[in-house]
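Below, in structure tokens: the form predicted alone, a single chain.
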Amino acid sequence: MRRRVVITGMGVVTPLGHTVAELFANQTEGRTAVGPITRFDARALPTTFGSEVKNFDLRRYTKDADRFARCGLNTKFAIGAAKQALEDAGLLDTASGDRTRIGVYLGVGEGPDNFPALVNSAAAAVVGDRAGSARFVAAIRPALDPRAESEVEMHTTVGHLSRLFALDGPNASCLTACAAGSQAIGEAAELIRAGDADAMAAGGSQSMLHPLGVAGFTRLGALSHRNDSPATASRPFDLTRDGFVIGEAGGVVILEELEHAKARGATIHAELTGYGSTADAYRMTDPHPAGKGAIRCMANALADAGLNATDIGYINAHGTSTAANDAMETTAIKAVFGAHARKVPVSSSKSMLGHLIAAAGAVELVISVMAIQKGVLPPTINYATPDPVCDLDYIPNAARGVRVDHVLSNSFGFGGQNVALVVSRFRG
């Protein structure tokens, strides 16, 4: 008999709130976190707005915040989210449980970005119309902080979490673009199912709100240019959508083997019943227009959960607010759900949060769990002009009170990575 995996803890650090309760309240009230970028001067860029985490203080989550001063926001947000999740699960005390059976798996983005040192060193490398690598190296070497540079790689974040919270079990990270947080949760669940761990802190954390991140997505043509109205820029499934809004966050859930959770009297928030993962094998930035990978991904997640399409009461869509993704996702949902596609409510949390990149899937799974617990489905805000190609029930602009027992959460990433998770109301 397959080991069942339940969710016993949740934690978030997001632009819409630094706790799960605050995040979900703001989502159901249809509030947006999108506004002008304040972290750096973005006026020279075609897109000058994003979805920033405001007023975050790492000292709220660890007594030794100075130890992480050179870490990137990816690590700092992950610490905040993991601390909340472990506390919620009753596993924060490092003396609780067999710590060699509790691990970490995160979808996590790159670390600190020393943009000024890069720019200044590149400028110093140019003499006349020629750039010299030796001059660049000579300029940048003294400008780099060795401690900060050691934090650039993604694996450092999971290392910090394992050390800080005494999580001595399996330790891994992945960066499957926008699917990374969901991928990490799915793979962590597989470790528990296989008997390699009793519990896992799993999720995602990333910030690309820096000049290179915003400029890169702008160059790809992925970002909205609605600088005159940032709050209405993220408009998934709307005919007038023109790109996504870049955001940042950390989200962590505690996955636990059912009998292990019951034996210690843990509160069970929900059960993770299904996981599907596929690749489009198509293009590096565009999804397959017919949604072939997404279709197989959702179908695999349903089969893994042992559910029919008609059992799903709500879909938390990837819903990026790009022309290609929203049309593809709608097509894929129709293919998987058939006639039920027009009956199941669908919404995009990104309409309010922006796109949280590697953290998106983890935060959206937390929202999905809360939708089950509270019987309220968050809306898709800024939905004003229906798109004939996107013709499902997107819960436009106002939350909806509906009891649901099973939720499908989609995450589709650049490179063609597709992940779908099914979370269900726990029944003993």
Partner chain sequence: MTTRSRRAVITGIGVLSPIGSDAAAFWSALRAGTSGVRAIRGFDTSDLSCRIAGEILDFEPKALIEKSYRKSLNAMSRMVQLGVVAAQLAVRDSGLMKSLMPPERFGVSFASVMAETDIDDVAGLGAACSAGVGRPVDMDAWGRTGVPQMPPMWMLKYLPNMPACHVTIMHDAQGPSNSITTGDLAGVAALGEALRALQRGAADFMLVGGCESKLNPLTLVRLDVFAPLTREYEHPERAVRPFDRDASGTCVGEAAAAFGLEELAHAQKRGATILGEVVGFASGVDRGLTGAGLARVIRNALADAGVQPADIDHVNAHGVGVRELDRFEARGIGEVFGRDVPVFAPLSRFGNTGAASGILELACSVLALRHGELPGTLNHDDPDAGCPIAVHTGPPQVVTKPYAVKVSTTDMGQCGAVVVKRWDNA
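Note that the structure is predicted; figures quoted are calculated from it, not measured. Residue numbers count along the first chain shown, from 1.
This next part talks about the form predicted in complex with the partner chain, which is not shown.
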Okay, which stretch from 320-328, 257-265, 273-281, 341-349 lines the partner chain in the predicted complex, with non-hydrogen atoms inside 4.5 Å?
273-281
Which residue among 76, 226, 269, 292 has a heavy atom within 4.5 angstroms of the partner chain in the predicted complex?
292
Quick check on this chain: which one of 310, 240, 285, 96 has a heavy atom within 4.5 Å of the partner chain in the predicted complex?
285
Using a 4.5 Å heavy atom cut-off, state whether residue 113 contacts the partner chain in the predicted complex.
no
Does at least one non-hydrogen atom of residue 80 fall within 4.5 angstroms of the partner chain in the predicted complex?
no
With the cut-off set at 4.5 Å between non-hydrogen atoms, does residue 232 touch the partner chain in the predicted complex?
no
Does residue 187 make contact with the partner chain in the predicted complex, using a 4.5 Å heavy atom cut-off?
yes
Where, within 219-243, is there a heavy atom within 4.5 Å of the partner chain in the predicted complex? Residue list please.
219, 220
